[in-house]
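Below you'll find only one chain, the form predicted on its own, shown as structure tokens.
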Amino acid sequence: MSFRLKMNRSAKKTDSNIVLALDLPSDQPQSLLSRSIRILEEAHSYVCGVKINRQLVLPLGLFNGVQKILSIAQDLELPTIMDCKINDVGHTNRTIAEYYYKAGFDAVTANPFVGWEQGLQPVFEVAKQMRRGVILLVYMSHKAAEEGYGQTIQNPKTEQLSPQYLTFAEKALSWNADGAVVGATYPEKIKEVYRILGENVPIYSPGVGVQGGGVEAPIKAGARYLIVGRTITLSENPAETVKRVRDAAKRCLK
């Protein structure tokens, strides 16, 4: 089953478009694994997927602690995303993707800055071979995103000036990416990207809550999935918090 289909099925099953980002602070490394598992088990009924980044992989190990988290997610039938932001030369990118896919991740994130030939082409090739997904970064959620993703460039095809992120959106479409990341903190950018992608490439929006992104604005602008991390993971009651976010999103989708 393709990653996109897994996400669609999970979203319908859980009646949710929330992806849980297990981005836990590392101030208590000895309890990182147990806290991650507890949050996942408490919140799983209200999310359609799980995202992990290097905050867990580095201290827990890809084939050790992280493997345990992935196994639980798989048992719960929740698709998993490795937010590794692949951004190197082709042969290295391919190896990175292979390791994460073999560990059990259903999708990886990648940075289109490195281009296609000898860049991300090998990642898409191995993803196709292993029936996994690739989600491209189009516009990140932090304040300095405009310094890279927001810069004005000359489109190499049309020779016209355009924002970098719109060119990345076009790449997501032409490369047949399984998703595009656009920060929930920039709903106006989501709207612009959605005009290019439509329903062909789903938009994933991180930055809801702690970073200042709302629920309603990104959904109305065209985001299909909201990625929510610290609002849930730092909550005293993760299940109650994610249910509240999920329900708010559902109201916006009606």
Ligand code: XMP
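Residue positions are given as counts along the sequence shown, with the first one as 1. The structure presented is a predicted model; accordingly, all values stated were derived computationally and were not measured.
Keep in mind that the form predicted together with the ligand is missing from the display, and what follows is about it.
ask   = Would residue 227 sit within 4.5 Å of the ligand in the model of the complex, counting heavy atoms only?
value = Flag for residue 227 set to yes.
request  = Answer for residue 181 alone: is it within 4.5 Å of the ligand in the model of the complex, judged on heavy atom distances?
outcome  = Looking in the model of the complex, residue contacts with the ligand include residue 181, since a heavy atom lies within 4.5 Å.
task = Answer with yes or no whether residue 140 is in contact with the ligand in the model of the complex, where contact means some heavy atom within 4.5 Å.
result = Yes, residue 140 sits close enough to the ligand in the model of the complex that at least one of its heavy atoms falls within 4.5 Å.
ask   = Though only this chain appears here, would residue 171 touch the ligand in the model of the complex if you measure heavy atom gaps against 4.5 Å?
value = Outside the cut-off, so no.
ask   = Counting only heavy atoms and a 4.5 Å cut-off, does the ligand in the model of the complex sit next to every one of 53, 208 and 211?
value = Every listed residue reaches the ligand in the model of the complex, so yes.
key: Contact segment among 153 to 161, 98 to 106, 80 to 88, 117 to 125, judged by heavy atoms lying within 4.5 Å of the ligand in the model of the complex   = Among the listed stretches, the partner-contacting one is 80 to 88.
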